[in-house]
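Below you will find one chain, with nothing else, as C-alpha cells; this is the form predicted on its own, and questions on how it binds or moves follow later.
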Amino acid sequence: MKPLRSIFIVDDDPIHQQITEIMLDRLRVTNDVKKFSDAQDVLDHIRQHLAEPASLPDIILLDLNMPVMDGWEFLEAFSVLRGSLPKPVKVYVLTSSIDERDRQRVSMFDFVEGYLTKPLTNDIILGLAR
C-alpha cells in the first residue's frame, strides 16, 4: 500500500479530528494530515492553491453537521470548484448520522466516493488508500 500524499479532516469536533489523525498515522496511510474545523477554510485553501497540486489533498473526510459552513454547503460549493482542480480529490462524507435521508442526499453528489459513519475502523481507513 502506497501512502496517500495528504488527507484533510473537516470536522468541528477536535476529539474526532485527533482520533482520526492518530489512526491514519498508526496505519501509515498518509504522512500529511491537515485538520479544519470550518469547511469554508478548506474551500479557501483549495482556491488559494489551485496552481499547486501538491498542496491539495488526495482525500477529504467531511463531516456534515458543522457550524458556519456545514458539509452540505461545502458539497454544493465543491461541486462547482472541482472541475478546475489540477488533480482529482476524493471526498468521503464522515458522519455520525444514520439518517437514510442524509445518505440519499449525499448520493446526489456523484463525486462523493463514500458515506462513512463514525467511528472509523482500521479496515475502513485502509480501504481509503486502495
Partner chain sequence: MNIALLSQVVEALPDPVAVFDAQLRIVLLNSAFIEENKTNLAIELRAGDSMLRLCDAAPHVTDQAIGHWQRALSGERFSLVVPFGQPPLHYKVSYSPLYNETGDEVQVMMIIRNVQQETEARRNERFFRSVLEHLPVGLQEFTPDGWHRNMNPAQRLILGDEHPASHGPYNVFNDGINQRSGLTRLLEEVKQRKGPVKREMLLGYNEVHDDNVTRIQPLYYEVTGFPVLDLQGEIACLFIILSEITEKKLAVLSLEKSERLLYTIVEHLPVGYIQFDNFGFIRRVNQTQRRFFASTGLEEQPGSNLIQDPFARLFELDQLFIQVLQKGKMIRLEKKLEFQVLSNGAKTDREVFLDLTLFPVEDPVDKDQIVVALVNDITEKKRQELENVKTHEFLMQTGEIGKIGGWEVDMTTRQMRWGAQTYKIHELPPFTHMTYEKAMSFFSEESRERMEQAVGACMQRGKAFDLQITVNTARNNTLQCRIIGKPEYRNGRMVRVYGVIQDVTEQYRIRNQLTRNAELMRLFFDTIDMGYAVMDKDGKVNFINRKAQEIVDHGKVIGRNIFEVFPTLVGSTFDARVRQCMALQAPVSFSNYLPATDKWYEFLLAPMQDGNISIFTRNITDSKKMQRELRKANDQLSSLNKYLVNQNKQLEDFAHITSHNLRAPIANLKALMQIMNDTDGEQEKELYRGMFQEVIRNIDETLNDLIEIVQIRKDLNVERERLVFSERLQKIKDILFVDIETSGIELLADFSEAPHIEYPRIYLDSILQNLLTNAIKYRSAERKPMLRLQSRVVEGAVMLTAEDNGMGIDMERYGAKLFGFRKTFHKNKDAKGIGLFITKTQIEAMGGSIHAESRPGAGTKFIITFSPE
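Please read all numbers here as calculations on a predicted model, not as lab measurements. Residue numbers count along the first chain shown, from 1.
Same protein, other form: the form predicted in complex with the partner chain, not shown, and the subject of what follows.
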Problem - The unique member of R28, R47, R101, K87 whose heavy atoms fall within 4.5 Å of the partner chain in the predicted complex - result: R101
Exercise for the section: Please check if I19 has a heavy atom lying within 4.5 Å of any heavy atom of the partner chain in the predicted complex. Expected result: yes
Practice task
Indicate whether the partner chain has at least one heavy atom within 4.5 Å of a heavy atom of M69 in the predicted complex.
Solution key: yes
Exercise for the section: Would you check, heavy atoms only and a 4.5 Å threshold, whether S97 touches the partner chain in the predicted complex? Expected result: yes
Practice task
Check whether T121 has any heavy atom within 4.5 Å of a heavy atom of the partner chain in the predicted complex, and answer yes or no.
Solution key: yes
Handout entry: One stretch from 75-83, 28-36, 61-69, 47-55 that, in the predicted complex, holds residues within 4.5 Å of the partner chain by heavy atom
Key = 61-69
Practice task
Just give me the residues of 32-48, first to last, that have a heavy atom within 4.5 Å of the partner chain in the predicted complex.
Solution key: D38, Q40, D41
